[in-house]
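The chain below stands alone and is given as structure tokens, in the form predicted alone.
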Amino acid sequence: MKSRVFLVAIAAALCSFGSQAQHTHDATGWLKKIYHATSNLSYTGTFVYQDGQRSEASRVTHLVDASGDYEKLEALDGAQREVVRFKDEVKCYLPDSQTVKIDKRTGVRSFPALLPAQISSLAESYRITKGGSARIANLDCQVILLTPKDAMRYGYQLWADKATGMLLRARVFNDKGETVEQFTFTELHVGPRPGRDRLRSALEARSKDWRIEQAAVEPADLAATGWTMKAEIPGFHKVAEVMRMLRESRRVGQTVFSDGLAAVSVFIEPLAGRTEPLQAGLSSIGAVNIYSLEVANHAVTVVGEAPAASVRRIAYTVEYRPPQ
């Protein structure tokens, strides 16, 4: 009798394991569907960003054709601002300061295209499960939950349109389950392709006499110049290392670490000639935590969508040793 009970228990455990594995497989399949939808579909819509008591609405237009992918983001609240991207080149139009900032993407993705191409890598840091169904922007959605395996990163709750896979809502939550920030489409139209003229900034004609700030991003090897640092967070890996021009034509080193969802940047800037004093310590803006300190007469600033303990830990790994 005891042996029969034991065999039944083993069988039940194996069935449970198989069901759980299938559940995870289904959830991962949904993440792949979200990635392909946000990367390959043309769409236009309005979404709202919420951070505590603050909210901001933006209109996004995304076009994919034979030449590549284009995107325009227009701020609908607050100061007028438009961001136009073609492939990895980004132009930000700021009429209040009559400035056009030109930059390159450095591995950091933004809503709704939050997910990396290598979906399987997320399982290293997150438990991926399917939730229930919901309705967002008048569309039926599947809920996917990415629960962090440690307290060094935030969790994510995603709502994907069942018909197209488009990401309609993303909630970022902390280790207490509290919402840190949230993005939600209030209206969305997928296809047909918008005309190229829809991707041009309405501010482009006015900006001909504006100041141009060129980030002049180029690949770098900061270790060769004496700087070393470590991600210090399981699952985070270096995805980019560049030199860029930052205010007053000052060259600044930047290293980007990511676990596939969250990204943390380390900026290294000489203090000599800097016009404003370094504000050492911790500050935050929504889900983004910022930690600054001085190392070898340089300002080291770590910025990332990660808990305060994580950005602080990375900051204290930064060291400088003069190259031999």
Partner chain sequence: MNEKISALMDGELEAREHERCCARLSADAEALDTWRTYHLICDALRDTSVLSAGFADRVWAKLADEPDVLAPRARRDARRPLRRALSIAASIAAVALVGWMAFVPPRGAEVAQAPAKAVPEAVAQVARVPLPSAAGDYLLAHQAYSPRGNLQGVAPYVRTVSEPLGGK
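Worth saying up front: this structure is predicted, and the values here are computed from it rather than measured. Positions refer to the first chain, counted from 1.
What comes next is about the form predicted together with its partner chain, which is not displayed.
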query	finding
Triplet 64, 199 and 220 all within 4.5 Å of its partner chain in the predicted complex via a heavy atom	no
Residue 293, heavy atom within 4.5 angstroms of its partner chain in the predicted complex	yes
4.5 angstroms heavy atom contact with its partner chain in the predicted complex for residue 203	no
Contact label in the predicted complex: residue 81 to its partner chain, heavy atom within 4.5 Å	yes
Residue 288, heavy atom within 4.5 angstroms of its partner chain in the predicted complex	yes
Proximity to its partner chain in the predicted complex, single hit among 127, 193, 105, 238 (heavy atom within 4.5 Å)	105
